[in-house]
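Have a look below at one chain only, the form predicted alone, in structure tokens format.
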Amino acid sequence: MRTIKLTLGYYGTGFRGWQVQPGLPSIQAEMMRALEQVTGEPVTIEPSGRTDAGVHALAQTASFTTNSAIPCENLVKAINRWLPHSIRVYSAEDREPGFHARFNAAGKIYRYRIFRQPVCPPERWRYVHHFPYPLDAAEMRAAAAAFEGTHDFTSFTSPEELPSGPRDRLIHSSRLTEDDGELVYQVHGSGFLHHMVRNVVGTLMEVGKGNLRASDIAGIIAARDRMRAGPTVPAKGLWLVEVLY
């Protein structure tokens, strides 16, 4: 029995997220269908984390076990033949028994794109959050830096999805930059709670609008109260950039 790690990318538009849902299109369902065609056996594939409906990935990772002897290079080519073009496997590698894409991950990098120009080109609108209204980018940058360090992120996760265990996460870097008409928020953390990145960005946008100040972030974190933070921004602007091991 082999354990295989895959690295793949996908556009989340048109899918109801990673996880299989009866009667609805999902990344996991497409991957399992392709793997079964290639290996000739039922395959359960587990990701580094489940992305929500509409979220994209530049480099998601996933793992599965198989009895197939197909070399990794040929496995990539074969899987891609069975996948829609909105999902592509970039690489496959044999890993040690017991390897799990989620449990062995040491951290992740996410990116959120806010398009700032008055008109959003049609080739971008599925992949960015279009917001052509005034934002104080300098104050947002100061607020972004306030998330770095280890904090309890209860204020930034969905109340319906609160984990039973610790809600502390280590944020290695939290930065806002400007590029090609966009504000780009990029965050590197040890892990993320449900909707955490989208809620952080929603809070940064409230800072940009002048409804909050960068100096308010520490108090919002300490409150552990979802009502203190900003709204959840649309999924289509969010990208999983890299999973670190």
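Quick caveat, the model's predicted, so the values are computed rather than measured. Heads up: residue numbers just count along the shown sequence, starting at 1.
Quick note: we don't show the form predicted together with another copy of the chain, though the next part is all about it.
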item	value
Heavy atom of Phe99 within 4.5 Å of another copy of the chain in the predicted bound form	no
Touches another copy of the chain in the predicted bound form: Ala106 (any heavy atom, 4.5 Å)	no
Any non-hydrogen atom of Arg88 within 4.5 angstroms of another copy of the chain in the predicted bound form	yes
4.5 Å heavy atom contact, Tyr10 and another copy of the chain in the predicted bound form	yes
Contact assignment for another copy of the chain in the predicted bound form, among Ala78, Leu135, Leu83, Cys120, heavy atom within 4.5 Å	Cys120
Another copy of the chain in the predicted bound form reached by all of Leu58, Trp125 and Trp239, non-hydrogen atom within 4.5 Å	yes
Partner-proximal stretch of 139-147, 152-160, 125-133, 171-179 relative to another copy of the chain in the predicted bound form, 4.5 angstroms, heavy atom	125-133
